[in-house]
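Shown here is one chain on its own, the form predicted alone, set out as structure tokens.
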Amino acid sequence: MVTKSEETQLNSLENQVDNGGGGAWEYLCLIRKLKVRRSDKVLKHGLSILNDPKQRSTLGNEEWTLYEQVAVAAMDCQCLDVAKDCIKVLRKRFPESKRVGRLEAMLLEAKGSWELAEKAYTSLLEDNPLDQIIHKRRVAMAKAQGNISVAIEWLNKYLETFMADHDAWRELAEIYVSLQMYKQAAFCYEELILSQPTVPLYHLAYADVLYTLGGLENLQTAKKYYASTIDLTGGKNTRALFGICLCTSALTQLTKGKNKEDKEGSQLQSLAAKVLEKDYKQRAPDKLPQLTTALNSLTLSS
């Protein structure tokens, strides 16, 4: 995940390069380091270096890294002729390279030649079953074709081997949510929270799923995770504050005043409502009447 300071540095360098202030190579290196996706910029500034023999000669062995970076960016931008030319140069330089073979398979995928791409990926995986990029490309290809069940199957198989891949768990969770398979999504978010307990996004997403599932136990747990999201964000997460109000209202209706935690819950709801009202007064005063109406309706229903 890119930090705020890294994003500021990247944007500053990008602005410098775009305005002719130099630093194109440093910018491209930073994009690789941060693993961000700015394909149009990579294509533009990468080609400007590759098409200049003088600049290209200063790169040494990094020249081939740039060819690969530009090839991927060109496929992303559907400039397939550029990608093909870059891959051709790399194949000539590295005739036996599996890494270049992966780029060739990606080019087939970009062209929509799904069967040929699948054969190429399968062949590459036979040589190296632990190639994470190829596994992820197969998932992406299944999603691109609308084969969501296949994408789920491959993601699950991938996670059997690479259990620490947070991005894969999150992608699988989001697919499950899109299919309304909330119990499966909840399991994915539990795995994410176990491995990265201080990331508020996972607490919030888990709480949303549990609230959607409903039921006394799920709502109680959802409220706890909305509260932990608020704690991790210093009380600044509007969605989590709303979540506290919604969960408290739903729990009150379910227990009908029989729960000993009702009093504490109503106090928490009142506190969350006050923070929301204060936040809206500062950031969106024109929306304050709608907020007040919504909060009042929750109070009345509970």
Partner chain sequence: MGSNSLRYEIAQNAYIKLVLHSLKHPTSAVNGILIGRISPSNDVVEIADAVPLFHSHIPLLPQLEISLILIEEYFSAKGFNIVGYFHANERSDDSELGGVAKNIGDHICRYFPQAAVLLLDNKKLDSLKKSKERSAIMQLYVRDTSKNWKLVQSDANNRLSLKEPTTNVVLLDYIASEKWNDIVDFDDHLDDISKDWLNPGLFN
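Positions refer to the first chain, counted from 1. Between two forms, the rigid core is defined as the largest C-alpha subset superposing within 1.5 Å. The model shown is predicted, which means the values in this text are computed figures rather than measured ones.
Unshown form predicted together with its partner chain; subsequent notes refer to it.
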Proximity to its partner chain in the predicted complex (heavy atom, within 4.5 Å), stretch among 49 to 57, 64 to 72, 231 to 239, 23 to 31: 231 to 239
State the residue from C79, A105, A168, V177 whose non-hydrogen atoms include one within 4.5 Å of its partner chain in the predicted complex. V177
Kindly indicate whether Y121, S149 and W154 are, all three, within 4.5 angstroms of its partner chain in the predicted complex, using heavy atoms. no
Is D279 close to its partner chain in the predicted complex, meaning a heavy atom pair under 4.5 Å apart or at it? yes
Distance check, T212 to its partner chain in the predicted complex, heavy atom within 4.5 Å: yes
Does any heavy atom of L43 come within 4.5 Å of a heavy atom of its partner chain in the predicted complex? no
Using 4.5 Å between non-hydrogen atoms, is L291 touching its partner chain in the predicted complex? yes
Taking its partner chain in the predicted complex, which residues along 1 to 24 bring a heavy atom to within 4.5 Å of it? K4
If we fit on the core, is the Cα of R37 displaced 2 Å or more between the shown form and the other one? yes
Core-superposed comparison between the shown form and the other one, N11 Cα displacement 2 Å or beyond: yes
